[in-house]
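Before any questions on how it binds or moves, here is one chain, the form predicted on its own, in structure tokens.
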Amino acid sequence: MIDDLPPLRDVIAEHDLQAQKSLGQNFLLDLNLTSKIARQAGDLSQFDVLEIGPGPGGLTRGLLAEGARHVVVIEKDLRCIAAVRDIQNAYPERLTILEGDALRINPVDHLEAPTKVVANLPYNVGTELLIRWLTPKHWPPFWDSMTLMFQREVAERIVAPAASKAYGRLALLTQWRAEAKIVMNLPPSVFAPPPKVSSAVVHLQALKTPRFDANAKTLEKTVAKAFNQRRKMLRSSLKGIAPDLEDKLQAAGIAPTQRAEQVSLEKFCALSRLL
């Protein structure tokens, strides 16, 4: 055991924590595994850590046991909050619980820099939260690194190289501003209830400045438009974005007949500068 608190199966039974599909819940029950995920985030002793959707608190306990300076959790399920309060009592002054929807709460007011984000994200909000954290008004962001669990398919889209099947908007937005790699794979059997898909943990390290110069809004708009019709040539999918589109594509080193998935991050940034 990593602490003196009860096993997670007992916690789930005591608080009647049957996972709810509507909340995207799949609970990790192995505390050794949750501690291993916490370790993927590196040394936590000098960091505040943000966790979304702690559930019965397995990862929360892992983060605290691994020495996180302070952990802030956001949870909307009142049943889970009761379970996490038991952890708060065991780790006085080191755990803050925010009740509510992670999409509506700004956690920055409750965190002291430097900060890391470590979470087994609920499936139904994971991608939206990631995009928000990657596209703040100002860069660098509030987080130093993020260690996040997703469905395996989403994790592969985050780290995908150009010209691969999974390459798209998520890969470009991530890799423009962060180093991203898959650090763990998890089978359905380690969750309760077991999901239909495998999961993976992705570690993202924020870059001090974006990899290539580009206006964030222009890049986001261009990439979204290009991949919205990814099977079309860029001369068609980006039609209307600029009157002299083909000239700008060629000036950026992109053939107008290329499709979005064939264009590297560097060239998308070059095109965004011209636009």
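We number the residues from 1 along the sequence you see. The structure displayed is predicted, hence computed values, not measured ones.
Just so you know, the form predicted in complex with a small molecule exists too; it's not on screen, but the next bit is about it.
Enquirer: Can all three of 31, 41 and 62 be found with a heavy atom no more than 4.5 Å from the small molecule in the predicted complex?
Expert: Checked in the predicted complex: no contact with the small molecule for any of the three.
Enquirer: Of these, 228-236, 246-254, 211-219, 53-61, which stretch puts a heavy atom within 4.5 angstroms of the small molecule in the predicted complex?
Expert: After filtering at 4.5 Å, what remains is 53-61.
Enquirer: Looking at 122, 141, 168, 195, which is the one with a non-hydrogen atom within 4.5 Å of the small molecule in the predicted complex?
Expert: Selected residue: 122.
Enquirer: Of the options 112, 101, 153, 128, which one has a non-hydrogen atom that comes within 4.5 Å of the small molecule in the predicted complex?
Expert: Filtering the options by heavy-atom distance leaves 101.
Enquirer: Is residue 86 close enough to the small molecule in the predicted complex to count, meaning some heavy atom within 4.5 Å?
Expert: Outside the cut-off, so no.
Enquirer: Can you work out whether residue 94 and the small molecule are in contact in the predicted complex, taking contact to mean some heavy atom pair no more than 4.5 Å apart?
Expert: No, no contact at 4.5 Å.
Enquirer: Could you tell me if residue 47 has a non-hydrogen atom within 4.5 Å of the small molecule in the predicted complex?
Expert: It does not: once the small molecule is placed as it appears in the predicted complex, residue 47 has no heavy atom within 4.5 Å of it.
Enquirer: Although the small molecule is absent from this view, report whether residue 157 comes within 4.5 Å of it in the predicted complex, heavy atoms only.
Expert: Although the small molecule is absent here, residue 157 would stay clear of it in the predicted complex, with no heavy atoms inside 4.5 Å.
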